[in-house]
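Two forms of the same protein chain are encoded below as C-alpha cells; each is given separately, as structure 1 and structure 2.
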Structure 1
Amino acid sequence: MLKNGKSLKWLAFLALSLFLSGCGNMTVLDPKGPVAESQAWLIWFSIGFMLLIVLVVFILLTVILVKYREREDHKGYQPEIEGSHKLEIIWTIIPVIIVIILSVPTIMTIFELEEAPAATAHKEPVVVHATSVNWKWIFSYPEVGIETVNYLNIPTDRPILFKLTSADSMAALWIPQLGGQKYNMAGMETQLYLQANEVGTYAGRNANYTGEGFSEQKFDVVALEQGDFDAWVEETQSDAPELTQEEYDKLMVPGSSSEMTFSSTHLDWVDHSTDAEYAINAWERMGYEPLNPHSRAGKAYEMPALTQSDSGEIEGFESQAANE
C-alpha cells in the first residue's frame, strides 16, 4: 500500500511537471517585453515555492493517513496529546520566512513596474492615451496628433507610457504578452508602462467586465521597428481624416466598432480623466436613452456596429428613435 502510494505520487509529480513544461506556451508565461518578463519571472518563482509547500503537505497527509488509519495491529495511538509548542513554533516560523522570501521580490517588482523599464529608461517614452468606451478602445497619440480605434501601433524597444481612462464603465487595459493590466476609470487617470522587445502582433483586450459587449472589446497591438512606426505616423498624419466632435460623439454610444484611424485626437475637446460626464451628455446629443434590455423597446434597439468610410465619416449609427 505504502509502496503503491509512493509510486502514485511520483506519477502525479511527473504529470504535473509535464503539465507545467507546457506552460511555456501560455500567453502570460511567454513574455515579449521587459514588464511581462519580470512578472513571468515572479510567477515562476512563486510556483516553485508553492509546489514545495504542496508537496510537503501532500506527503505528510498521505503518510499520516496510511500509518494511523484504524486497523487490526494499530500502533502508536495516543489520544491525549495536547499539542507541542516546539512544533507549533516551527510551523509558524517557516511560513513567516516564506512570506518574507516572497515579499522581497514582490515589493521590488511592484516599485519597478511604476517606472519605465530600467534598460530603456533613458529613452523618451511614447505617450498613448488609452480610453475605454463601451465597448471600444480609443488610442490617442498626443505628441503626433493621431488617434486610432480598436488597434494600437507601437515601436519596439521603447517604453510606452499609457495614460488610462474611461468614458463610462471601469475597464482594464490588458496586453498579457507585454505586461499586466491596469484599470481605466472615468474621471481618473492611471498610468501603465509597457514595452515590446520583438516585432509582432499581440492580443490586447479589456479584462474588466463592462456589460454586454465586454467579451468582444479586444484589439490588436502591432509592434513595429522604430522606422516603420515613424513611417506609419507620417502616413496617418497626412492621409487619415480628421476627427470632429460630432463624429466622436457617435463613438460614445454603447456598441462595437471596427478599426479606425484619424489625424487628430479627441483630447482637443475632452479629457475623460477630468470629465466623467462627457459620454452621458453625448448620449443626449445623439438621442440615445438606456432602456431595460428585457423590454420590447430595449430588445428592438440594436447596439450600433460602427465602421469608418473612405471619406472618414463614422457610419452605422442610427438613433434609437429610428428603430422604433
Structure 2
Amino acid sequence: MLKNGKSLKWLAFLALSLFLSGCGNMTVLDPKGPVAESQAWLIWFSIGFMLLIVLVVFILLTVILVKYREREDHKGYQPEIEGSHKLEIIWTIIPVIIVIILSVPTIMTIFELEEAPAATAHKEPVVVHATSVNWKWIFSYPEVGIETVNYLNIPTDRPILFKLTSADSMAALWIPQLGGQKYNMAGMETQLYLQANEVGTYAGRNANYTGEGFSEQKFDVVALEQGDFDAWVEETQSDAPELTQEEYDKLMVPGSSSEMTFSSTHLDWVDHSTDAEYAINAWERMGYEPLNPHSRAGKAYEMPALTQSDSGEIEGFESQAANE
C-alpha cells in the first residue's frame, strides 16, 4: 500500500512538472501592443475573478464542514429540511451574476478590437493581406506592391489592418504578443487590427491545426521604426524580384518554405477571398496530385521545402518528382 502511495506521489509530481513545463514562455501575458494588452487584461480579469469564486467556495465549504460536523451537542442540525425558496433563489441568482460579470467586459473587449486601437485610430493603417497556404504564410502589401513569405515587417505605433484569407485549408493568424487570433478561410475575407508599440521581433503562427506540416507554419513579425520601415519598402521595391504567376503557383503546393521577398503581389491576378479554387487549379498546372498521408505512397512522399534563389526563382518543388 505504501509502495502504491509513493508511486502515486511520483506520478502526480511528474504530471505537475509536465504541466508547468508548458508555462515557461507565456507570451500571451507579455503584450507589446494595445490589442494584446486588452486581451491580456481580459485574461487576468477572468483568472482573478474565477480564483475569487474558488476562494469563496472553499471558505464556505470549510465553514459548513466545521459548523455542521456530526457531534453530540449539535443543536442546529435539521436533516428533514427541504424546499427552501430562499436557498433556491440564492443558488440561481449567483451563477447568473457570475456569467454577467464575465460576459460584459468580454463583449465590450470583442467590439473594441473590431476597430483600430483608439490611441492611433487617427493614423492611416498599413493594409496587409495575410494568405494562408499549407504550410506557409504569404503577406501582401498592396499599397506599396510588396509581397513576403513567412515573415512580416511592420512599423511601430501605427495600426495594421490584416485582411485574412486562405488558399486551401482553414487556418488562424496568431501573433501572441500583438494579439489575435482570427480565422483565414478560402473564398471569404476576415479582418483583424493589430499594432506593435515596441521595436522587436515577435513570433507568429497558425493557431488552427491543418495537418502534417502544421508545426512548420510559423513566421516572424519584425516591428521597425517608421523610418526604418520606409527604408525597407524602398529597398525592396528597387532590389527584390517581381513575383510571376508561374512562380506563385509553386507556393500553392503543400510544403514548407523559407523566407522570400518580392516587389509585386499575387493580388494582380488572384484574390483568394473571391476565388477559392485557385490553389486546386494551380496543382493541376504544376502536375501535383495530393496523396493520402496514410497510404504507402503518401508516407514515402517528401513535401517540398521551397527556397528563393538569388534571381528570385522559387526552387524546391523538384523534390516531389524525385519521390514519385
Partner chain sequence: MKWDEFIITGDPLILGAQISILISAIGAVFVLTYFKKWKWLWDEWITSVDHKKLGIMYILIAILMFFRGGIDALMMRTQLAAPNMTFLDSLHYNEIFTTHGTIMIIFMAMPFLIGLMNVVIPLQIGARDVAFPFLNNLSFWTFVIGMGLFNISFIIGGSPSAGWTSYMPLASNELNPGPGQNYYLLGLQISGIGTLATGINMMVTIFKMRAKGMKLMMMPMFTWTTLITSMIIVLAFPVLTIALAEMTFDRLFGTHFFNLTNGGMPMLWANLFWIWGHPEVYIVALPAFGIFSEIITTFSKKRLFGYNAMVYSIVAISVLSFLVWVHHFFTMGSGAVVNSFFSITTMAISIPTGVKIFNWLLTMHKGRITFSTPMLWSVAFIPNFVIGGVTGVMLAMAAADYQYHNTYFLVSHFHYVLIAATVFACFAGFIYWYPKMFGYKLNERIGKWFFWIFVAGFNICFFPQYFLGLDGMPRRIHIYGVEDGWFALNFISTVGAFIMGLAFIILVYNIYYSFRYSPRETTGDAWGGRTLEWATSSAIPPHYNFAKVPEVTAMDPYWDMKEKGIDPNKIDKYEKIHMPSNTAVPFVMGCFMFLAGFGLVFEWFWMGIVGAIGIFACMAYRSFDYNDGYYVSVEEIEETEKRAREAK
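Throughout, rigid core stands for the largest set of C-alpha atoms superposing within 1.5 Å between the two forms. Structure 1 provides the reference sequence; residues are numbered from 1 along it. On a predicted model such as this, the values are computed, not experimentally measured, just so you know.
- It is structure 1 that shows the chain in the form predicted together with its partner chain.
- With a cut-off of 2 Å and the rigid core superposed, R285 has a Cα displacement that falls short of the cut-off between structures 1 and 2.
- After superposition on the rigid core, the Cα of A305 moves by less than 2 Å between structures 1 and 2.
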